[in-house]
Ligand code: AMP
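Take a look at this single chain in structure tokens; it is the form predicted alone.
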Amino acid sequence: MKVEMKNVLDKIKAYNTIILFRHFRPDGDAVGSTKGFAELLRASFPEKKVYLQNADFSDYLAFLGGEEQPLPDEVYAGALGIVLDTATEDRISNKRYTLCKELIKIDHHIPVKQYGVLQWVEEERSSTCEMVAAFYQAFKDELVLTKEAATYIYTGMVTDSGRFRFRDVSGETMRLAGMLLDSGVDLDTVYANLYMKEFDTFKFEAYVHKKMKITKNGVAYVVVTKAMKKKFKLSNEQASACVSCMDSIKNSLVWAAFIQNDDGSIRVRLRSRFVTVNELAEKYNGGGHACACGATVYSKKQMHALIQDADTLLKNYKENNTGWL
């Protein structure tokens, strides 16, 4: 049992009010870990007040239920804040986390900047949801795992692991997933909501396949313009998902989607196989995992510079490694 887990549990026991937070533009892991941890704590400590407070939401994951109403500032005073799946403070969606008496960080991203009185970080985990599942397993004699909590946590594990395909998936990941399934997760409902697509989405993906490009050394990329988003009636979240359209190109070990925002910035979804790309993302106002990152550029010139840097990175990798496809 990790010391960090025990320290987190002790802090939770010491507070009557607990408020959970996550990063802005939440993905499945952010939503699943916060909703799952909140439900786990409510079922285990019914005498405590447990809240989940965020400033933005995810239409894609709306099937997991709505969000809570904002709390008045005075509720934060004297509360324990727990931030999940968020590497740095500047990415916390609800800035009122600073009103909490103490703050805990629970995360699986590569550490960049520490914050909080306690940090429980396991970058080798496939998801923060996997950490939440491990937390329950470590203290299952004291905690209560409901079907609802298991569904939230499993959903986050599935999405952040690429349906259990990414390199951080381990035997422990699968054992914890099995534990959650034993709690009654309805797989038909989860997978239908996650992966069923509107017909227009398929047409957009076909359009992406026509528009994608590849560099000399094998970096695949596509630019999703504001006009494309309007044509296919896409949210930024739906547009960003097109990065998955390029994940199976042979000899392409790095791929990226560039999504134009209304404010002129360009959101970058960066993915790789074998090649570590988080340092590249950090150079362009981002970060994340070794092979799955986000970044932001502010002009076409910066976008092309990132593509060139990625091409050079991939060239160097191919020249110095074997066994890649």
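All values reported here derive from a predicted model rather than from experimental measurement. All residue numbers are counted from 1 along the displayed sequence.
Just so you know, the form predicted together with adenosine monophosphate (AMP) exists too; it's not on screen, but the next bit is about it.
- Put simply, of Val31, Ala256, Cys293, Leu40 only one has a heavy atom within 4.5 Å of adenosine monophosphate (AMP) in the predicted complex, and it is Cys293.
- Interface residue remark: Ser299 is not counted as part of the site for adenosine monophosphate (AMP) in the predicted complex, having no heavy atom within 4.5 Å.
- Shown alone here, Lys229 lies farther than 4.5 Å from adenosine monophosphate (AMP) in the predicted complex, counting heavy atoms only.
- When contacts are judged by a 4.5 Å heavy atom cut-off, Arg96 does not count as touching adenosine monophosphate (AMP) in the predicted complex.
- Contact annotation for Lys35: none of its heavy atoms lies within 4.5 Å of adenosine monophosphate (AMP) in the predicted complex.
- Contacts between stretch 250-284 and adenosine monophosphate (AMP), counted in the predicted complex as any heavy atom lying within 4.5 Å, involve Arg267, Arg269, Arg271, listed in sequence order.
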